[in-house]
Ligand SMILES: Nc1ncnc2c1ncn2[C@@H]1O[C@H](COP(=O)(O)OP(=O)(O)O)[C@@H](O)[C@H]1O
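Listed next as structure tokens is one chain, alone, in the form predicted alone.
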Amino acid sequence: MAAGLFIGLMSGTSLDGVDGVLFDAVRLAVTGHVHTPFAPALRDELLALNTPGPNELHRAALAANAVARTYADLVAQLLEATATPRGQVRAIGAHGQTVRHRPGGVEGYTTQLLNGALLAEQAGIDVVCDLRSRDVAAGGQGAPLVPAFHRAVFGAAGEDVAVLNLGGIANLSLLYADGRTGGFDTGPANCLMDGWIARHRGAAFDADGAWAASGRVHADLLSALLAEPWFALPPPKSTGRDLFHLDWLDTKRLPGLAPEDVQATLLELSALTVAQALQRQMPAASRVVVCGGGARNGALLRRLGELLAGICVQTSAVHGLPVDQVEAAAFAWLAHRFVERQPGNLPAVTGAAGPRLLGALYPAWV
């Protein structure tokens, strides 16, 4: 068995589907990538399960099974596309689909829907999943978990570098020149913009930010959105659809605004909260490396460039890792850490009581 070969599976808050990578943990290199969208009915159910509803336990169990089958199909596609025998893969690092994220205190928890046993059964490969819960149990946020991986891949000696993931939620990894690593969520990236365009235009996302670019930022609405107390919290902090959803937006929205102006304001919210957070926490940053689906939103990247004048804003592709592969690679790397019995979290990032081995193992037994 090739001890360095892992599969990483990531489905984020954007709900655009699953990215899977074949990852060489020794060379820190992706050797194959496959993306598959969620079936529309499953996507709708996963979105619905982000808020309380009837018969949640049964529906969540069925959705977890469906996520496992989707993951298993993607694994099969990835193995075929890369001509890799499954016996050469040491383990799968599988994120699952977050439907609740409420860390903090003795009652804190985080829930990623995935039937790990079913995935191990169908894929025939060891599965490491539920990667956030141990950090939460140790008093941490359970997020972000990727800064240590970002340090390994994007860190540069003597340079303050930030890595910005623009998924449904935006998060920053801060790779300081002196070797320190920080990280935290900054707020919504795509989740509100995706929800708003779906409501008004039936589209899954705002391609290249074109609809937002057709509107104008509304100062009063932006001020109302920025007044959300969560933005003023210091790190460590994390968030998700538990807070930032269309019902939240509807409580802030002023009547009579054109839908495209709301979209423009949501894009400004995403860009401004990232820029403000970076300027507070890493004022000497020389580069921002951008990944995630939002890296394909040209209007959002242009606005970030304006707000971060003097800082080089570039995508992760410049460093040889395409924007849609970074998070999946990070979870393959976390599975490698689990197999090697090495901690996967950074307490300085998440606020956990100390380093912890992250994940639960479902052996393939084949």
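Bear in mind that the values here come from a model prediction, so they are computed numbers and not experimental data. Residue positions are given as counts along the sequence shown, with the first one as 1.
Quick note: we don't show the form predicted in complex with the ligand, though the next part is all about it.
A.B. asks: Suppose contact means a heavy atom within 4.5 Å; in the model of the complex, does that hold for all of Leu334, Asn345 and Ala360 with the ligand?
C.D. replies: Verified in the model of the complex; spot residues all out of contact, no.
A.B. asks: For the chain shown here without its partner, which stretch in 188-196, 156-164, 142-150, 270-278 has non-hydrogen atoms within 4.5 angstroms of the ligand in the model of the complex?
C.D. replies: Heavy-atom contact with the partner occurs in 188-196.
A.B. asks: Within 4.5 Å, heavy atoms only: does Phe205 come near the ligand in the model of the complex?
C.D. replies: Contact check for Phe205: yes, within 4.5 Å of the ligand in the model of the complex.
A.B. asks: Taking 4.5 angstroms as the cut-off for heavy atoms, does Gly12 touch the ligand in the model of the complex?
C.D. replies: Looking in the model of the complex, residue contacts with the ligand include Gly12, since a heavy atom lies within 4.5 Å.
A.B. asks: In the model of the complex, does Pro235 have a heavy atom within 4.5 Å of the ligand?
C.D. replies: Pro235: no, not in contact with the ligand in the model of the complex.
A.B. asks: Though only this chain appears here, would Gly294 touch the ligand in the model of the complex if you measure heavy atom gaps against 4.5 Å?
C.D. replies: Heavy-atom contact with the ligand at 4.5 Å: present for Gly294.
A.B. asks: Going by heavy atom distances of 4.5 angstroms or less, which of Gly215, Gly168, Gly182, Gly116 would be at the interface with the ligand in the model of the complex?
C.D. replies: Of the listed residues, the single hit is Gly168.
A.B. asks: Who in 20-54 is close to the ligand in the model of the complex, meaning a heavy atom within 4.5 Å?
C.D. replies: Counting only heavy atoms within 4.5 Å of the ligand in the model of the complex, no residue of 20-54 makes contact.
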